[in-house]
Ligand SMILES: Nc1ncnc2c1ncn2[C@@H]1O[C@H](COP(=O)(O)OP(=O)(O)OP(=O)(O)O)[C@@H](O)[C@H]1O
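Taking the form predicted on its own, here's one chain by itself in structure tokens.
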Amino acid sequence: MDSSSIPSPEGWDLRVLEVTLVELLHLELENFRNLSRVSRSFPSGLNLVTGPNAQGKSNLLEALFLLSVGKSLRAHREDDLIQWGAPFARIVGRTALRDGEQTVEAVLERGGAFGIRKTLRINGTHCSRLSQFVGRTPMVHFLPSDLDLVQGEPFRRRRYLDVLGAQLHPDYLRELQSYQKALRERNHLLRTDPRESLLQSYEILLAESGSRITLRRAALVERLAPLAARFHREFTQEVENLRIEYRPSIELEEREANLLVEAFLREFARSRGQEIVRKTTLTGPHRDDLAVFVNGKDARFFGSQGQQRTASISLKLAEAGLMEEEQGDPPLLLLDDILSELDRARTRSLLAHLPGSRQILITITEEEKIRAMFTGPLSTHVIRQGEILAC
């Protein structure tokens, strides 16, 4: 079943974002972490970002991905992204699209009511909402922590689905932000003033947003499942079968948004007493999970570390594959120090699944490890002490 088989929630635009990335042409950085000033062009094919540890390789990929989702997935605080002692950080990317070029820009400045003022622009035009910016430069960022995607906590798998959903569909992020705001306020009431009338006012908002998020996640998983299964079979030479299953906090028997809203409201009413005792909301997309099965067994509990890592790689490649299917062009693929975590067999298999036509950036300390296995076009960018050296 593909995503078209799931009814569109009323009033919610499920269209895929129309702007698709062909490739990154040029990147400029100022004062981003330890990168004082960078101006660099990137050709098609495989781009190796090399150099000793702690020189800025991961920071470069982090800055690039910020141009895709408007925030860092590594930093707990955005002021950590600004170089120590500098008043601002600036990232500018020039990208090629099917019908021309695009410039995306993110500026972080110290100060303001929340300590950091963030400005996002596309072709010089200010984006007043994050949802106007996210997904205009499609990327998949593969971190070492993603190798623990299967065995890690559920929030990691929810984030995996949310980052993909936000990059593909213009309303997904807005709906998620609306849900999270209502959730924070209802949880605050549960801790401070849990009157039923007050809680019910937020339950309607949570049920409406929650039903839409649930339906979209279900659609994403149904599209991801065959891609992840195919990658996993190829990785394991047809020895293992991978299956993924969406596990929402509420039974997904109804695929119509209005009926799902009613189901959410019934569950809120049923569990309200327990939530008052526990002082937290127990139902909704913030409690969802993605189950991963290898050869019919739950990989989180019964898979070996090798099986869990291979399944995690398959999920990330499925993410990139679905973005290409939906948008018509492959996303920019960022592999941040992944190969150092893999054995030779998995490294070779992963490289074999990276088409030469795709633009890829890989950080690595030992360049020779890839050159011995990869036969496509390859460029090298050496970083030392926060500077990219001329090659």
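Note that the coordinates shown come from a computational prediction; the quantities given were computed from them, not determined experimentally. Each residue number is its position in the shown sequence, starting from 1.
Separately, the form predicted in complex with the named molecule exists; it is not shown, and the next lines address it.
Heavy atoms of every residue among R33, G56 and Q83 are located within 4.5 Å of the named molecule in the model of the complex. In summary, among the residues R272, R300, H286, R74, the only one with a non-hydrogen atom within 4.5 Å of the named molecule in the model of the complex is R74. Using a 4.5 Å cutoff between non-hydrogen atoms, T365 counts as a contact of the named molecule in the model of the complex. With a 4.5 Å cutoff on heavy atoms, E324 does not count as touching the named molecule in the model of the complex; it lies far away. Only one segment in the set 218-226, 83-91, 260-268, 130-138 has any non-hydrogen atom within 4.5 angstroms of the named molecule in the model of the complex, and it is 83-91. Along 309-344, one residue reaches a heavy atom to within 4.5 Å of the named molecule in the model of the complex: D337.
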